[in-house]
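Let's start with one chain on its own, the form predicted on its own, as structure tokens.
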């Protein structure tokens, strides 16, 4: 049955958004809507222009028998700046201050609307990189990793702090906590990461960088490659961080003494890391 163009446009956009970074053939759409390839190509052009105008995605079309359309969901610089500004306003709240200079973020990272935006922000950073796996450590980084993995259409793996019988055999490393200087252990199932895989690491919060450095060591143990690291929030740290080059969406300065408890949030290194580099190119 032939489908009207307005209906085709809605359903094609929905289908592409539900299958990000997946090559969908024009033949598939043609058979789905009972339309000629020329009509499908015109529809894709409309979708491409609309996504570009609003700065929310990049639609590529590949010619030939094995070609098709592939949608990458991302944020333009303007949209990214808007989202980060909203995150800064949400975190800039003195009541979020926790002992030790940490920040309460669980309510934000439990909201689907926030996770969608955070996932798309981080995915935007890596859309042009060769990524095989998104990695995080239990527990608060899990929803972030899941959101990023959805936009990149890649699997995510969870590093554990202790053994789980359901994980099977594991590889473990000892690492030094950057803030407390304690020796800790983390583990990853041998089945979750292949040798040579390209990995990005995401987490909710970075202070001294010890946890991120532990995941970096795990990646090396598997013979995999670290592509980059991104955290939702970066806290202040007076010593030497154990990792370099980690991108943060927001940066938090916290004062916690007997007379003054205050949080000051501001944009992190994300905008410069993502759009500054693109401008240089």
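If you're wondering where the values come from, they're calculated on a predicted model, not measured in any experiment. Positions refer to the first chain, counted from 1.
What comes next is about the form predicted in complex with another copy of the chain, which is not displayed.
Asker: Would you mind picking the one in 246, 242, 51, 226 that has a heavy atom within 4.5 Å of another copy of the chain in the predicted bound form?
Answerer: Of 246, 242, 51, 226, the residue with a heavy atom within 4.5 Å of another copy of the chain in the predicted bound form is 51.
Asker: Using a 4.5 Å heavy atom cut-off, which residue among 255, 56, 36, 62 comes into contact with another copy of the chain in the predicted bound form?
Answerer: Exactly one listed residue reaches within 4.5 Å, namely 56.
Asker: Would residue 23 sit within 4.5 Å of another copy of the chain in the predicted bound form, counting heavy atoms only?
Answerer: No, residue 23 is distant from the partner.
Asker: Taking 4.5 angstroms as the cut-off for heavy atoms, does residue 14 touch another copy of the chain in the predicted bound form?
Answerer: Heavy-atom contact with another copy of the chain at 4.5 Å: present for residue 14.
Asker: Do residue 27 and another copy of the chain share at least one heavy atom pair within 4.5 Å in the predicted bound form?
Answerer: No - in the predicted bound form, heavy atoms of residue 27 and another copy of the chain never come within 4.5 Å of each other.
Asker: Mark residue 168 yes when one of its heavy atoms lies within 4.5 Å of a heavy atom of another copy of the chain in the predicted bound form, and no otherwise.
Answerer: Flag for residue 168 set to yes.
Asker: Tell me, please, which stretch of 228-236, 210-218, 40-48, 246-254 lies within 4.5 angstroms of another copy of the chain in the predicted bound form when heavy atoms are compared?
Answerer: Every other range fails; the passing one is 40-48.
Asker: If you apply a 4.5 angstroms heavy atom cut-off, which residues in 123-147 are near another copy of the chain in the predicted bound form?
Answerer: Result: 138, 139, 140, 142, 143, 146, 147.
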